[in-house]
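Form predicted on its own, single chain, as structure tokens, below.
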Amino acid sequence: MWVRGYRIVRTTCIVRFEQIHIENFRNHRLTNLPAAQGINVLVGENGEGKTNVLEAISFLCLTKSFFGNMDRHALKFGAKSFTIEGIARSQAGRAYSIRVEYSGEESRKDVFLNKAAVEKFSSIVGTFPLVVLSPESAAITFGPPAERRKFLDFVISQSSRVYLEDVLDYRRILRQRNKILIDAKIAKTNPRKLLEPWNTELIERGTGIVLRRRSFIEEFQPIILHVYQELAGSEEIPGLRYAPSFDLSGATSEKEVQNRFEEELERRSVEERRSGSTVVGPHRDELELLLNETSLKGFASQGQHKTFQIALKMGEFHYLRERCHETPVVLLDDVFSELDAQRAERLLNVVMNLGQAFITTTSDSWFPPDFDWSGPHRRFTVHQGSVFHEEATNIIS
């Protein structure tokens, strides 16, 4: 299917996890999850360890938690280390193994892909694309601009290694530049000479980020329109607008953007010295979310916010599948409980066509009574860090 020049592919999962092993992670002492190729539902009360399974999958795909917590916080109380291992297989039959080990005593994390040590963890990002929709996703539409920048970086970094490296370098440069500014503020000195080499690097890396974000919005707009209307109908028109920290109007080339960036840095140099921080750059960008050309944040209902969040994540799925040439794994954490029956049914219909998904819920009542759990879908119960397969007679963790 083509949506205004963008192809929405309806295929089965290209790479899917077959086995997931979790040891001494959060409240899981030892869990072995035989994952299905379609929907994997984890049912249990709050605090039993459902979300921990999704977080473990995040470590396999991103080498870290999607919550952004420090690794040591995931270590089971009293344990010295945790291990997460996944076995995945491509549609062509190629097997992958990914293993993450963390030592609390050494505060050391090691990652192995097909038993070979991974020196640069960022090289894993995008190998197993991941889409996460959780209650924390509400911050994308309700929260400050930093949350929407985080969304942009999360999606684009999985599809572009160059972008990810630019973001990591930019953050390093920004820290150094801010240190010079705050030191100069305290000492009441002029940091102009010290800033010059950092300005050059900031502009170079920042320009790459700004240009990629702008093109991403253009590519993503038709996808989000299609997905949103699939969820909510055609009466509401979603929109995205990129608002960088300096004026980009009329700037098309890399050199033009660099010049605009440099001019704005110079224009606001007094403000920077006064505040002791960098006030221009992609770390100050905004992604404006619109509904019928009106700001979502100021006027939309709770239901419209939730639909927009889901549409962003489902759009992310289609975008990554096209860009990474792999079908992302989808993690849905306690999402259906927040939806009315109609929206839950529509979301379920969408998820059924995605590929491999892991869903946590306190009740699976929103599934049809005759839903077939014996084929490509599986239902698990989670209780006190242990996982039970519904068709199994014995505990499997």
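Note that residue numbering follows the sequence shown and begins at 1. Everything numeric in this text was worked out from a predicted model, so none of it was measured.
Same protein, other form: the form predicted together with a small molecule, not shown, and the subject of what follows.
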Note to self: Under a 4.5 angstroms heavy atom criterion, identify the one residue in A74, L174, A311, L289 near the small molecule in the predicted complex.
What the structure shows: A74
Item checked: Option from 33-41, 339-347, 49-57, 365-373 whose residues, in the predicted complex, bring a heavy atom within 4.5 Å of the small molecule -> 49-57
Notebook entry, point to check: Any chance N353 has a heavy atom within 4.5 Å of the small molecule in the predicted complex?
Noted result: no
Note to self: I'd like to know if K64 sits close to the small molecule in the predicted complex, meaning any non-hydrogen atom pair within 4.5 angstroms.
What the structure shows: no
